[in-house]
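Read the single chain below, which is given as structure tokens and is the form predicted alone.
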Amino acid sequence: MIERLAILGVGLIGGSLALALKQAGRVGRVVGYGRGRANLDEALALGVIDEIAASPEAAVAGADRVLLAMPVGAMAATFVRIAPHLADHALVTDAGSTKQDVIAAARAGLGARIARFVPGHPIAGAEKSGAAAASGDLYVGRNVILTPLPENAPDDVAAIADLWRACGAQIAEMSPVEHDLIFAAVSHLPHLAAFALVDELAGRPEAELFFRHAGSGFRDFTRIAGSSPAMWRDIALANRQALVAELDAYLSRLSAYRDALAAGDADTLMQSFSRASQARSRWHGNNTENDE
């Protein structure tokens, strides 16, 4: 039982954790802090949180568990602010989509308290944001990645894993480096591709005509371009080394497609399209899709 949970960043991710733990009867009181007062007021009215904190310092005071669910670019300053105010028994985790940069920020900001920080990443989300988008069922059947630190006690890692399991999530562990390499390919690159396509079309003089006639394929491919620009700017910059490598690989494949199209090379296109279709079918048949 978590007597007091502090959520720093009461949006879809943080709000959904709070609701899930409430539904499971695993939390006593949820304290929320965020930059937007209107969003916090709505979270309070909806029962997502039980109390609004005036500052991160006030939010974490006396908390058993603390979740940082703000954009990764804002975490460094937050670690510095909360470090002196954490209870000795408090465990801190995060929901950041990149891990190496967040861990570096935590080491710098938490100092001697770094052992109490267990890095995490719930692979769940949607293009909607804010407390109103929170759902107690968001994490059911979804993956949550933990990237434990050498300093973490096994019991503390288990406690954070248990927190997410109480929400219905499935837990996996990996190193921060492996995490960032994998998600550069399967999450960060797709978001860049969606943003790029929508931005390119939106810049055309006849953009309205294109969007008016776009169908379900365009809608499905570009859905994630409706995600928070600030959040994805921070993610892209934080994981830029791995993301640049993935962009290079993707551009190389697109260049090969261009060459095949220009040459009328049906065989090359057919072979690549078939491999991709088969791989996608295998993945979809064997796994639960996790939005982020």
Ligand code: NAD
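One rule holds for the numbers: they count along the sequence shown, beginning at 1. Keep in mind the model is a prediction, meaning the values are calculated, not measured.
What comes next is about the form predicted in complex with the ligand, which does not appear here.
Trainee: Considering the ligand in the model of the complex, which of Leu243, Ala69, Val31, Val27 comes within 4.5 Å of it through any heavy atom?
Mentor: Spelling it out, the residue with a heavy atom inside the cut-off is Ala69.
Trainee: Heavy atom within 4.5 Å of the ligand in the model of the complex: which of Met231, Ala225, Ala53, Ala238 fits that? Just give me the one.
Mentor: Contact with the ligand in the model of the complex is made by Met231 alone.
Trainee: Spot the stretch among 107-115, 203-211, 94-102, 147-155 with residues whose non-hydrogen atoms come within 4.5 Å of the ligand in the model of the complex.
Mentor: That would be stretch 94-102.
Trainee: Quick one: is Ile13 in contact with the ligand in the model of the complex, heavy atoms, 4.5 Å cut-off?
Mentor: Yes, Ile13 sits close enough to the ligand in the model of the complex that at least one of its heavy atoms falls within 4.5 Å.
Trainee: Does at least one non-hydrogen atom of Pro119 fall within 4.5 angstroms of the ligand in the model of the complex?
Mentor: No.
Trainee: Going by a heavy atom distance of 4.5 Å, is Ala124 a contact of the ligand in the model of the complex?
Mentor: Yes, contact at 4.5 Å.
Trainee: Even though the ligand is not shown here, does Ala74 get within 4.5 Å of it in the model of the complex, heavy atoms only?
Mentor: Yes, Ala74 lies within 4.5 Å of the ligand in the model of the complex.
Trainee: For the heavy atom contacts within 4.5 Å of the ligand in the model of the complex, list the residues of 267-281 involved, in sequence order.
Mentor: None of them.
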